[in-house]
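Just the one chain here, laid out as structure tokens, in the form predicted alone.
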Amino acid sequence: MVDLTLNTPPAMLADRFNTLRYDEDDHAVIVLDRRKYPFQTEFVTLHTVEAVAQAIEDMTVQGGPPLAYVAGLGFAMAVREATGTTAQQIAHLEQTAQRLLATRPTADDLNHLIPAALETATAALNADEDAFRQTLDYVNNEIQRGNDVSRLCGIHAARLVADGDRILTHCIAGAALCWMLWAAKHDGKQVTLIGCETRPYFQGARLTAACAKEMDIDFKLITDAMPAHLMSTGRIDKFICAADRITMDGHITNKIGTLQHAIAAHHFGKPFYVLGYDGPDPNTATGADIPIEERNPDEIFYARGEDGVVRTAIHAISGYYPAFDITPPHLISAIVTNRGIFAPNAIGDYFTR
């Protein structure tokens, strides 16, 4: 039986307060540079909202919840710096919110947190209260709530893990994956995590692998093109990843490449479980309503992005880089959330459980 009271963070990336925070002495946002981690544990200090926005856009911060939290901390900084009449401050904050919302369009966490932060600040300003403190407290509470959601999601997901499983994952499924592996380990289950390298930023080869190593979980690295073959030869038992957005009818969007792995898993009869954290986006009815971010294609010409140290493509060619894809519910075995496990077509029941 998986222990629902398990509460010791299993890895550095499992607790968002380890990787991002607001420095009230310097009034800056401090963020772990995920482009360099774990080869370098380097934190960047962001003193302006524009610096925060650019850090999100250039992949300094990665993952739907973390980028939303960094945006929220940047918004709190803007609240502190806003001057003029109440109306002028609110107008400035509305512009700030739009800038932050434009950074990355696909993940839904950003689209919930920033409007709520704006609402919090606006209400405080209209009541002549400390808008900065209330906004920062709101964002920090959301970070803590996110940590709690991740823990419960991972612990529920551990129920789907069997002793000896060889689990494929794609990109970095984040804190919930860490908690899933940690809970399974505490339950006496030994698993092997098989991670795709995840071009062009290699989140699987760096971030997922580092989390597994930190927890002493057996990890095998493969290229992004290998999963179907490994499923066909019986060397993968399950496919488990996260989702940047879940629709009310059970579509999920995740890092590009997820769809092809889901198709292969379906073809070879392997279950595909989605770590759905805090459930579907009530404002997204179906997959057709998900905007897919298309990043600068120059990023795929390099290992670890356009600023990477190695160019892997010849010059004078073009590229194409949609950053996410959409997987339909019939390819998904179950969606795991902090409130339990749901069939994809019943994920809307999350809000009544």
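Don't overthink the numbering: it's just position in the shown sequence, from 1. Note that the coordinates shown come from a computational prediction; the quantities given were computed from them, not determined experimentally.
Unshown form predicted in complex with a further copy of the same chain; subsequent notes refer to it.
The candidate site formed by 152, 238 and 273 is entirely out of contact with a further copy of the same chain in the predicted bound form, as no residue has a non-hydrogen atom within 4.5 angstroms of it.
Remark: of stretches 70-78, 275-283, 139-147, 258-266, the one touching a further copy of the same chain in the predicted bound form is 258-266 (heavy atom within 4.5 Å). Here is the short version: of 222, 124, 248, 160, the single residue with a heavy atom within 4.5 Å of a further copy of the same chain in the predicted bound form is 222. This chain lacks the partner; the member of 97, 215, 90, 226 within 4.5 angstroms of a further copy of the same chain in the predicted bound form by a non-hydrogen atom is 226. Residue contact with a further copy of the same chain in the predicted bound form: residue 305 places a heavy atom within 4.5 Å of it. Contact annotation: residue 232 falls within 4.5 Å of a further copy of the same chain in the predicted bound form, judged by heavy atom distances.
Contact annotation: residue 322 falls within 4.5 Å of a further copy of the same chain in the predicted bound form, judged by heavy atom distances. In the predicted bound form, at least one heavy atom of residue 300 sits within 4.5 Å of a heavy atom of a further copy of the same chain. Along 204-220, these residues reach a heavy atom to within 4.5 Å of a further copy of the same chain in the predicted bound form: 205, 206, 209, 210, 213, 219, 220.
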